[in-house]
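A single chain, nothing else alongside it, follows as structure tokens in the form predicted on its own.
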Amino acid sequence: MSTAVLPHDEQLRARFSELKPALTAQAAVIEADRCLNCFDAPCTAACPTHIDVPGFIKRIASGNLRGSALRILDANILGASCARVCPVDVLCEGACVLTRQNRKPIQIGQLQRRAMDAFWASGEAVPVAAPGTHKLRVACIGGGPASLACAAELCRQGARATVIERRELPGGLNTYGVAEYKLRAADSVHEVEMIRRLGVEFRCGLEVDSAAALVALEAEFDFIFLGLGLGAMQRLNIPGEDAEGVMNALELIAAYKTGHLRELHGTVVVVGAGNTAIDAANAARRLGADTVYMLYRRSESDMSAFDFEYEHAKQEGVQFLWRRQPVAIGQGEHGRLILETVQAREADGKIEVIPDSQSAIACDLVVPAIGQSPLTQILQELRGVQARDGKIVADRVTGQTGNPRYYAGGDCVNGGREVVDAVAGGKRAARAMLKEAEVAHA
């Protein structure tokens, strides 16, 4: 597996400089020394993978970066990417006891990155506890964080795991859907390479989308893990949305991360107000768009994006249009688009249109970002696997579905949460499969 297919455009890299540059060696030690090493560690409890936060920080303070990284990797094999993309403000750092003293919390994410970057730079492989000791074979469908975590845990415990990914590169949204200024595609692929070295097999460019494909996998593998993520981006369902010049948020992010989109001009309108919408709006600004609007049918207080993401977007120069709803996309002059909108208001919990409130925005690109659709088609092909509201029903502890040979985790189960939640789900499922296999062969 190589990162050679990824862009190495210096101009693009400069445009997407990291939001939080890495700590220097000295700064990391100073920050680590601030940690109180709490015995009950609310930061660890707040982490879905329960990383031993005081433990890894203490090792940084003593100069043991390798030990720090191994402590992180024991809990979270995607510790490097999570250090960059986790909403630490509302997880580990948000739980830091220093906040109760009106003091700045420990920069846990930055310290985690310091340890993981040093581990990467060393070229060392992640230790494998018992290579080749299990005959268990597991197929992980989908190449995102849940499947990567599941496959890595299986191989670390001596089983064999194969990740099957429909796209050219594994990594899921870490590779294709996370803003480049948070996590570079090359860094995601680097992390995947580290997992491959554990013994995980990758089959990319292969889509599992039929009953026949599932039957073939059942004949080859003992268990199947479903790390399918969510479905396609939701459509606006308005006239003209299939016009040239309309590109959904995940398409836009994937296009510039893989080098297929290098610049934008004029006016861009992003429809939606979630974290992905903000990532797309910020990207449009950094790609050169003169004006970027975020259009949302509800109020500022109703947006689903984190507060710190909203503040960042304002700093990037994104402009927000509240209580505005798109109704049609038409063609304007010189190849531009006309986004027709109406004012909206909320009454009894429902959105209603204000009469005679039409207005139009002349723009060059419309970016729908109103969430991803639940899984539909493949769920109909999964025998014995139950679904509810487009999500796979799985045991909260083991990840096992109604079909005992199928386990699931990540967004296809939780409906779309954080990378760290997917990692936790994948790891739990791997351990449950290992336990099931041991019982079966006892």
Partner chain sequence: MPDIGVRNFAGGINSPNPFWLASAPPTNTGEMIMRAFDAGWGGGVWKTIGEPITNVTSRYSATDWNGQRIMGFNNIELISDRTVEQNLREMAEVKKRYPKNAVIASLMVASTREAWHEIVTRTEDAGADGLELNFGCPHGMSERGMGSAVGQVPEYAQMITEWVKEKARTPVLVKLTPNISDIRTVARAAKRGGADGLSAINTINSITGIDLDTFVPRPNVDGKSSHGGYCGPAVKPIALNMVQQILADPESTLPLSGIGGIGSWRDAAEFLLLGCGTVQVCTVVMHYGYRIVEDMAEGLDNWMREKGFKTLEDFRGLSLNRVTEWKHLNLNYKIVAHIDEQKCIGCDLCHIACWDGAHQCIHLDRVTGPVDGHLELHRTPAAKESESRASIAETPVTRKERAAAFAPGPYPAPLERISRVDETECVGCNLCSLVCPVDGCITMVQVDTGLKPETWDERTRGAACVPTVGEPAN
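Because the structure is predicted, anything quoted here is derived from the model rather than measured. Residue numbers count along the first chain shown, from 1.
Beyond the structure shown, there is the form predicted in complex with its partner chain, which is absent from this document and is the topic of what follows.
Peer 1: Taking G171, R196 and S373 together, does each of them reach its partner chain in the predicted bound form with some heavy atom inside 4.5 Å?
Peer 2: No, none of the three is in contact.
Peer 1: Within 4.5 Å, heavy atoms only, which of F306, F320, W120, F221 is in contact with its partner chain in the predicted bound form?
Peer 2: Of the listed residues, the single hit is F306.
Peer 1: Report the residue, out of G94, G266, G330, G231, that has at least one non-hydrogen atom within 4.5 angstroms of its partner chain in the predicted bound form.
Peer 2: In short, G94.
Peer 1: Does at least one non-hydrogen atom of D89 fall within 4.5 angstroms of its partner chain in the predicted bound form?
Peer 2: Output for D89 is yes: heavy atoms within 4.5 Å of its partner chain.
Peer 1: P42: heavy atom within 4.5 Å of its partner chain in the predicted bound form?
Peer 2: Yes, P42 lies within 4.5 Å of its partner chain in the predicted bound form.
Peer 1: Give a yes/no on whether R396 approaches its partner chain to within 4.5 Å in the predicted bound form, heavy atoms considered.
Peer 2: Contact check for R396: yes, within 4.5 Å of its partner chain in the predicted bound form.
Peer 1: Using a 4.5 angstroms cut-off on non-hydrogen atoms, would D356 count as touching its partner chain in the predicted bound form?
Peer 2: Answer no; every heavy atom of D356 is more than 4.5 Å from its partner chain in the predicted bound form.
Peer 1: Based on heavy atom distances of at most 4.5 Å to its partner chain in the predicted bound form, which listed stretch, 339 to 347, 312 to 320, 163 to 171, 81 to 89, is the contact stretch?
Peer 2: The contacting stretch here is 81 to 89.
Peer 1: Let me know which residues along 285 to 303 have a heavy atom within 4.5 Å of its partner chain in the predicted bound form, or say none if there are none.
Peer 2: E300, S301, D302, M303 sit within 4.5 Å of the partner.
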